[in-house]
Each structure stands twice: as structure tokens, then as C-alpha cells.
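Take a look at this single chain in C-alpha cells; it is the form predicted on its own.
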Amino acid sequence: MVKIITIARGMGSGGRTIGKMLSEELGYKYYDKDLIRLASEESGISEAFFGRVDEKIKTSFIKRNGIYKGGVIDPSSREFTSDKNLFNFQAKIIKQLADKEPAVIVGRCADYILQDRTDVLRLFIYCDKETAVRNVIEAYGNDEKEAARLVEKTDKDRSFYYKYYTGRDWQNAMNYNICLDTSRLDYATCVRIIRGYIDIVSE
């Protein structure tokens, strides 16, 4: 049975919308930005610290090895509020939520964090740049150049972030059970495909 659905998504692909649609259809809890709040409450570290490094890393970290291995750093350490430990606390929350109840979890390397579980469906939602730019313009009101820059920067940030904490290529299909192109499929069709997969593996 699929208890947890993780969604990695390109900027403007509609991955967040698909996640919300799945959570409503399946009756699963939906977690995205609220992971930051929960990690802040768990750690006692200001939510602003988590927001500053949410799905992005400092450029100076790109060549370092920050692969997640579990655990959190002791509050007495100078590294307690480090970017790596902020990630560790988010990972801790993701694991707790997965143990607690069925959920849809968006981004934040959840597919990797929960890699040892057999009840996880790992999705990657993407689209071509033209579709992404159009969706960003519609959602945020950017002009075309601004939207294109935002799509490129956000996807680059997510790719670096994923590589840093997992050692894997964010866009490698082998990381996921299903990859869906929303420049060719509407959101409702994507949900039907995912529901069909869940029904098959649950038989």
C-alpha cells in the first residue's frame, strides 16, 4: 500500500497543485511550506533560518559533501544552526510525519530521506520551459523575462540542493517511480495516472 507520496517538481510544472489534488482525493495530509514551521518548533530555531535555506544552498557549499546520514546536531555545538543541521531537522520531521499518517510531501529531498521505506511513491513532475514560464506568469504576474529567470534560478537551486544532500542528480528518472510531463498532460490526467498506479501496486 502507498502511504506516502513524495513530489519533486520543476518550477512552474504544477507539482504543488497536483500534490494538493492527490491529498484531497486520497484523504492524505499535505505538507509543503509547513515543514519549515514544524522543523522550527521541533528544534527551537527561528523559522526565518529555515526559510532562508529552503530548497537552496549557499554557492560556496556546492562542491562540498553534505549528504544526509540521519540524526541532528547537539544544541551545545556551534553547528547547531548550520544549514546542514537545519536540513537534518526537516528530515526528522519528514520521517515523523511518514510514521504518523498517510501524507503527500512536496520537495525537500523527501524521496531520498524516506528511501528505505517500501510504502512510498516517488514522483517527479516537470514541463518544458515555455509551459513553466507561462504558468509562472499566470500565477505571479511576472513579465516573461522575469518569469524565465525565476524558472531557471529556482530549478538550479533545487538541483544543487538535491545534489548536495543526496549525492544524486535531481532530474534522474531512476530516483522516482513516476515522472510526468505537464506540458503534455493536464493536472487531472496526471492525478488519474498516479491513482491508477497506486491501485495496481495496492492489489
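Residue numbers run from 1 along the displayed sequence. Since we're looking at a predicted model, the values are computed, not measured.
Keep in mind that the form predicted together with a further copy of the same chain is missing from the display, and what follows is about it.
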| item | value |
| --- | --- |
| Sole residue of L26, I178, L150, I137 within 4.5 Å of a further copy of the same chain in the predicted complex, by heavy atom | I178 |
| Output flag, I18, Y30 and A91 jointly within 4.5 Å of a further copy of the same chain in the predicted complex, heavy atom basis | no |
| Close approach of F124 to a further copy of the same chain in the predicted complex, 4.5 Å, heavy atom | yes |
| Contact test in the predicted complex: V120 vs a further copy of the same chain, heavy atoms, 4.5 Å | yes |
| a further copy of the same chain contact at Q171 in the predicted complex, heavy atom, 4.5 Å | yes |
| Residues from 183-203 in contact with a further copy of the same chain (non-hydrogen atom within 4.5 Å) in the predicted complex | R184, L185, T189, R192, I193, Y197, I200, V201, E203 |
